[in-house]
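One chain comes next, on its own, written as structure tokens: the form predicted on its own.
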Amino acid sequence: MSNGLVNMRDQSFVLYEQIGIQKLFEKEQFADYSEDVVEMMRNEAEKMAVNVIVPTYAEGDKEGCHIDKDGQVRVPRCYHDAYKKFCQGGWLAPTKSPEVGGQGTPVVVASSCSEMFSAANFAFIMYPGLTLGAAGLIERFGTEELKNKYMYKMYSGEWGGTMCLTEPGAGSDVGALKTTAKRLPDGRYLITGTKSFISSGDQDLTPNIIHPVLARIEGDPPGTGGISIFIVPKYRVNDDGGIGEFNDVRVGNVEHKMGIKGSSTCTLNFGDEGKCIGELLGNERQGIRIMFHMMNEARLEVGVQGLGHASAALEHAVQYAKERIQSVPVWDMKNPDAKAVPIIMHPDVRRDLLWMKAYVEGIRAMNLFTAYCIDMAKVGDTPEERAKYQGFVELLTPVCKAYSSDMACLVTSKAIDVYGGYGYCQEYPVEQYMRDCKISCLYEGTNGIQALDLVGRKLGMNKGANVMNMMGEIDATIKKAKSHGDLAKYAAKLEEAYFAVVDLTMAFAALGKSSGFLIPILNASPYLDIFGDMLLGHFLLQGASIAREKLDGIFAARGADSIGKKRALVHTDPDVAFYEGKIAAAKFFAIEVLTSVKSKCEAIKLGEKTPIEMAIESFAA
């Protein structure tokens, strides 16, 4: 039965049958984990998501956030009890070491739980999520004094955290920031400046909020190389660990947004009265390098955010399509006695649902595989193995963030289509899924920035070895799928896409060394989309090959030696129905999406420069 958020059966398939996370349990770092432990965690996460977080979704959206007369931001009232239970359940920092308050959970397992939380209410999940990221920076780069002062209370959820990077005139161009830091005799700094679009910037869930703030120390050079990072609490912390005086961090406003209305997105003013004190994190002029550790982790989380919204939209759309009775079947339209049927019986609706299913399952596999690579990059048996998995993480992170969020927006839109006019109304949740999902394309580096990162940095990283290793994985999937007769022609479509992407990637590399370097930059976003299509084709076909083998075993054990007997089992055996669905999604994606990859690659190779050759005046003529 659907929980309305995530297909738990598919998640289990990806974790155990496709990725094989059991291999992690053989490593010393994860020796305390087993399938039973992971299943217990996933079941508890499902309960937390369904019973505690989901009830805050619509209510939090309607109430939103506001500033009271004292300048304090108030979050939706229903968030308070949920936040308390979430932290008490140990969900804020499960991947962290028990020594700092975590559980040492594999990232891939935590990501599977995070999908459920994201699907339940991402606006709520942002509060503990930002806190986790900020505390992680202090753990990695902070002194023992900073850790003891801030980190432990953040990992427990007692205090909150943010990420203060963006300014009104310095969004994607971080180097243009104007926030300054002035050295004080005691080694601390006076912070002055304004930060905008700060998620969880102020809230009344915790008595203190710890802000990592990018600023330039007076006299340091311009650009990103002159930026440092500081820990700036909302309230100063006394020597005994208690909360002290107000630290001159004021809320300028709370943004009124399209979605995630329960998340307090604030403008923060630091040092309006010249009394804002910050403490240096790491070394001077290392601010960007330090902050990017948090941002890279956040980018996978944003991919999971998109996945969560898409997953919930699909689950709701399927359920609605099974229940909504309307119109007679197209093949029965001339029968005056024909009765209306559930809309899932109509071909166009079924096509939409399979389209959604293919993207959701492919994105799920891609994100969980990337999370698994993060684990293996730490616990692999050899330096070479660890480097290989780290290479996958570097390559796939911008794709997980951008492709997952872009496609999730399309999936949530398609869910509204399934509902028809009802989907556009607040009576049903799918309109909110679409509104809440869109921000995932914009923050933590816009998707355009992710595409430039992929094309400009990640393709050439490690002298191209990361890309070639990924292509090796895809090649193995193609060979295996070709060994299954009914999958062979779909494997051929993935192979065609694979060769086209390899050819385009090599062309990009050559253009990068010539005057044609603008072509890769101009086509960075289309390239990321194409690369993502190829990856999803790989993960879906990989899953289909596994499903085919499992089905062959079931059919042999059940004596299903004819098409009729096999089809009958689809209606009575849930495992057969599930595996048939995996194969159907892979086949559909191969024909629907992979067949267009080659033509898109060829179009890019034509070198069309119209967007940059066109006169600016012509855009508005």
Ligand SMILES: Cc1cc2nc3c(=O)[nH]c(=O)nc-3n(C[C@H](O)[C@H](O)[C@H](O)COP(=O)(O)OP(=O)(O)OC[C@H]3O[C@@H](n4cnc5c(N)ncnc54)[C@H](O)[C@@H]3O)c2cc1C
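Quick note: we count residues from 1 along the sequence shown, nothing fancier. Since we're looking at a predicted model, the values are computed, not measured.
What comes next is about the form predicted in complex with the ligand, which is not displayed.
Within this chain, residue 443 lines the site of the ligand in the predicted bound form, having a heavy atom no more than 4.5 Å away.
Under a 4.5 angstroms non-hydrogen atom cutoff, the ligand in the predicted bound form lacks residue 365 among its neighbouring residues. Contact check for residue 452: a non-hydrogen atom falls within 4.5 Å of the ligand in the predicted bound form. Put simply, residue 85 is far from the ligand in the predicted bound form: not one heavy atom of it is within 4.5 Å.
The partner is absent here, but in the predicted bound form a heavy atom of 172, alone among 483, 238, 172, 382, sits within 4.5 Å of the ligand. Just one of 377, 190, 198, 137 comes within 4.5 Å of the ligand in the predicted bound form, counting any heavy atom, and that one is 198. Each of 130, 166 and 257 places at least one heavy atom within 4.5 Å of the ligand in the predicted bound form. Just one listed stretch, out of 156-164, 455-463, 350-358, 367-375, contacts the ligand in the predicted bound form at the 4.5 Å heavy atom level, and that stretch is 156-164.
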